[in-house]
Structures are given as C-alpha cells and as structure tokens.
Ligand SMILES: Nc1ncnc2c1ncn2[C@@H]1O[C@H](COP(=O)(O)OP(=O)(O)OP(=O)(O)O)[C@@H](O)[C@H]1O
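Presented as structure tokens, the chain that follows is alone, the form predicted alone.
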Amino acid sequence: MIVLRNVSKVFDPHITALDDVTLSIPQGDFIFLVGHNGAGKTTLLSLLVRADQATSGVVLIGGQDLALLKGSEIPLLRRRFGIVFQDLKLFPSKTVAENVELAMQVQGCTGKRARSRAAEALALVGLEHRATFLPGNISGGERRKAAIARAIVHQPEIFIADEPTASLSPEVSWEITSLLMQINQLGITTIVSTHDRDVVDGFSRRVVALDGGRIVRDVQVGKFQENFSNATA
C-alpha cells in the first residue's frame, strides 16, 4: 500500500527533515508513528498526501509514484485518505452531522445519501446522540470522534490521525485509540502519529520511531521507548 524508498526531504542546506527513510506499510496495517517534536513525523505524513514532495527517493501509494502526479491528480490521491488533524478543523456553526456530511458533499455526494452515510459514520464512532449538537456544545473527546467520523465517512483506503489523544484524559485516550483499532479492522490502513506513551505501550502494535529524520526503530509489537537515539531498527 505505502512504500518509501531512500526518501529525504531537505528544506534548505541546514534543515534535513527526513534522511534516507525506507518504510513499507502493507494494506490494512496499523502503525504508531512516534518521535520527539522535529523528528520528521509531520514531514513524512505531508509527503504521503502530496502536500510536499521528497527531495530525493521514491514515495509510492498503491504502486503509484507520487512524484509523477499531475496537479489535477492530487485531489484524487487525497480522496484515498481520511485525516484527523490536531486542530480538528470542525466548522463551529455547523452541527456534528453537517460537519460529517460535508466530507461527502465535497466529493459530489449530497442529499439523502450523504445524510445516510453521515449517520452510519456517527453510529460507528458512537456519536449518533450528538448529531444535532454544535461542536462547541460537546466534549473534547466527542469532538475528536466527530472529526474521526468525518474522516472515514467516504470509506478511505488510508486513515491518518495526528496526535488524536492530545489533551485528553487517559480514559478518553484509551477509548479513542480503541475506536481507531476498530476502524483498522475494517481493512483501512491506519497511521497514528502520537506522543502518548500509555496508548502506544497499552495496545502493543507496530511502532515506527523517528529521530533526527531517520527511522531508528521499526518493530511489529513495540513500546514507545523514550530514548529514540539509543534504539535500533
């Protein structure tokens, strides 16, 4: 599904965000992407959705070389993704259901079908009872669930969550991560960028650790391991 071969990203002669990264993520895999601020996690994710391009190396999604995409083809690539950003980007003046429906509408699906798909996504994340609420009138954990529902409503192939448990209580963090596991069980390749040691250690899934733009550890069943610099791949 996702392959990076000897990928580097240099922003100027003094800033190397990614350094010779090689990584393979099979279809349906679940990985925790961990590392300190500035380790290269955000840069790696931006390359996957062609928000940026590698300085060298190859990035493949489903065998497609992203460097060869025309500008008009990039929106089609991004439709294969569902993404939850740290700031969630929910529209405050629209209800939870309307926020989720928007993800269908931008792809040309409107009316009854969009509402039906939104209802299904909200049911999946356990938020159907908040469908008519505004984002400002629900809890932080519920807003996170609403963003997840919006990200998966169009049934993406790949789901990316950037710090999905940030600022949440341990109980809610566990609930949100359990939900991400359920999404992965639907066959959706799932990448979770996180600093949450308890979540990573508690769920025992594949861990890819970045430090200084390099992959320093890639284990199928791993722990957070704070000391990235002393880790071995």
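Just so it is clear, the model here is predicted, and its values are computed rather than measured. Throughout, we count residues from 1 along the sequence that is shown.
The protein also exists as the form predicted together with the named molecule; that form is not presented, and the subsequent description refers to it.
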Checklist line | Partner-contacting position among 28, 62, 38, 170 - heavy atom within 4.5 Å of the named molecule in the predicted bound form | finding: 38
Item checked: Location of the named molecule contact in the predicted bound form, chosen stretch of 66 to 74, 40 to 48, 181 to 189, 200 to 208 [non-hydrogen atom, 4.5 Å] -> 40 to 48
Notebook entry, point to check: When you measure heavy atoms, are 11, 17 and 195 every one within 4.5 angstroms of the named molecule in the predicted bound form?
Noted result: yes
Next item on the list: Report whether the minimum heavy atom distance between residue 163 and the named molecule in the predicted bound form is within 4.5 Å.
Entry: yes
